[in-house]
Every structure is written in C-alpha cells, then in structure tokens.
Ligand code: ADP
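Only one chain is included here, represented as structure tokens and corresponding to the form predicted on its own.
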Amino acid sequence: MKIHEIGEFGFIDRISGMFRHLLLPDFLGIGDDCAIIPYNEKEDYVITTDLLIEDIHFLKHRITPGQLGYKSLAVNLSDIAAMGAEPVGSFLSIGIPAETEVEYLDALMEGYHKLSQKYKVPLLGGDTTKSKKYLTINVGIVGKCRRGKALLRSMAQSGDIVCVTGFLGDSAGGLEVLLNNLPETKDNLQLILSHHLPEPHVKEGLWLAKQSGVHAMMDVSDGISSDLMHILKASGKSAVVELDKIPVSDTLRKVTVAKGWDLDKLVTCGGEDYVLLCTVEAGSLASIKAGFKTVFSRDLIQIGRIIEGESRINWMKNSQQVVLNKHGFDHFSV
C-alpha cells in the first residue's frame, strides 16, 4: 500500500492510536490544531508545529525571503489562534542548501521578526542543518490558555451555526496566479499577497474563546471542505453549508469571472486562508456577531449549521443540494 492511497489524514489516523495510552491525565495529543499540556491550576500550554518545504509549500523564486519568514510563523500562530490561545514563544529549525546567500537568510529572519514583534512572540531556539537541495523550515509555537478552556474540534453541538472570520479563497486564487504565470495586475497582486502574507486571527481567536456560546473552532488551512470535516468527525455530527453565504472578496470574484475559474472549488478546497472556522450556539449568535462587529469592525459570517447525522457536509446552492467533486488539500492524495 502506498501513502497516496490513504492520504495525509489516513496516515495520521494510523499512528495516533499508538501513543494514546502514553498520555497523562488532561493531556491532549494528536487530533486537534494543537496539543495541550496542563501547566498549573489556572492555565494550559498549547503546542503546535508545522513544516514548510520548498516547491511543496512555497515557490522560492516567487516569494520574497521576508514574506517567507513572515508566512512561516503566521501559519503556526494560526493554529494557536484556533485553540483560542495566546502565543508565548516560537522555535525555528531550518534545513539550508549550502549555496544559500546569507543576505537571503537575513531577509527571511527580518520577516519572521516582523510578525514576532507584532504579537510579542520571542524566538526561543531551534536548529539549523544543511539541506542538499531544498530549503526546509519547521516552526513550533507554544501558547497558553485558561485551564480547560481551549476550543476543540470535538465541541460542535447540533443546532450550532457554522461561522468564519474572514474571506475564503483569496490564497488559492493567488496560488493560481503564480502557477499560471499571470501578469501582475493590481488584482492579481492582491491575491498573491493573500497567499504570501496570511494574517493569523490571533486576537479574534482570543475574543471568541471568551464567548460562552462559541463551541468548536479550528483554522482554515486545508479548505473548509476538509477542515469542517475534521470538526464533524471529532464531534460526531453532520453539517449543512450554503455556498451562497461563503464570504468572497470582490477581487477574487472579479478575477475568477475573468479567468473562468471554479469559484466554489477555490473557496471550499483551496486552503491557506488562515481565517477561523467556528460553531456558535444559535441562541447566542446575534449577541456574538454584534460583539465581534464592534471589536473587529467586520462581520462574523454564518455559512451553515450543525445537524445530527453521519459526518458529512451537505452543500447547498440556490436552495438546492449540490455535489462538490474535490475535498480539501491533502499532501499525498492530490
């Protein structure tokens, strides 16, 4: 059996059970955006790590080193945000081809530092090693949250409203621009920037975690068709999602029409948007949306609802059920 036959998440499922019996009480291991380790009577540590490899996660000749350093940290901060936690420190390990210019690495670290400074997250250590061909970056983040208050994928409840904290599909649109070598028009450059400089919703995650009506949460890294399924499987629920309600930027809509792209595929399967996906108790939705709008000057957008049933997403468009032919990003099955 080859890895592409079971995919990234099939492999994770195969190994996760091997270590479950080693977990100490109140530890959370494989299966959420972060691991959880109890710290003291009031706080838990949340920990995540993510790997970026040249030509898999980024095109070195199309992204500036500063943008790459920024993005390397951003995608990990997004996992901390998904737990409703506050980041407290990072670790950085890099595999570096021998011919790499020191000035390139300086610029990469300037981008990493820029985002570190924004969220007051010190670099605490890491490792460097030689790579024979490809630049490889691994970042680990430690965060903290109130004891037992992390927002987990398994917390969705029937009747919850499914919401997102921002536009979907811009990053996927930017990748399409890059892969197809499209001209750098104003709109195309805007999509590229969305792909290269994602903004982790750390403050939004912290705010949502304080709202008692918010249940499950994770970040949109692989596309909602994949990420929402993680919530549904962990919670034992089903969902209805209305494609018409998914927030799409005017820029993406304009470029999609001009290029004949499949908009539904981009916004549901593209991934790397790094907005937050959460489920909210229906009775609390109005007050939470109002509070979110007051604090962040934009809407918390409802796109569907959680229902009882087999773990699946029922896609609706123009009040009719439709079928999407592709799941979210999977490293080994695309």
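Numbering starts at 1 and runs along the sequence shown. Since the model is a prediction, treat every value here as computed from it, not as a measurement.
As for the form predicted in complex with the ligand, it is not shown, yet the points below apply to it.
Although the partner is absent from the chain shown here, F9, D50 and D219 each have a heavy atom within 4.5 Å of the ligand in the predicted bound form. The ligand in the predicted bound form is approached by D79, whose closest heavy atom lies within 4.5 angstroms of it.
Taking the partner from elsewhere, R153 is found to have a heavy atom lying within 4.5 Å of the ligand in the predicted bound form. When the ligand is considered in the predicted bound form, E54 lies well away from it, no heavy atom lying within 4.5 Å. A residue is said to contact a partner when one of its heavy atoms sits within 4.5 Å of a partner heavy atom; G309 fails this definition for the ligand in the predicted bound form, lying far away. Between the options A282, L59, I30, I37, the residue in contact with the ligand in the predicted bound form by a heavy atom within 4.5 angstroms is I30. Stretch 219 to 227 is the contacting one of 219 to 227, 179 to 187, 238 to 246, 119 to 127, since its residues have non-hydrogen atoms within 4.5 Å of the ligand in the predicted bound form.
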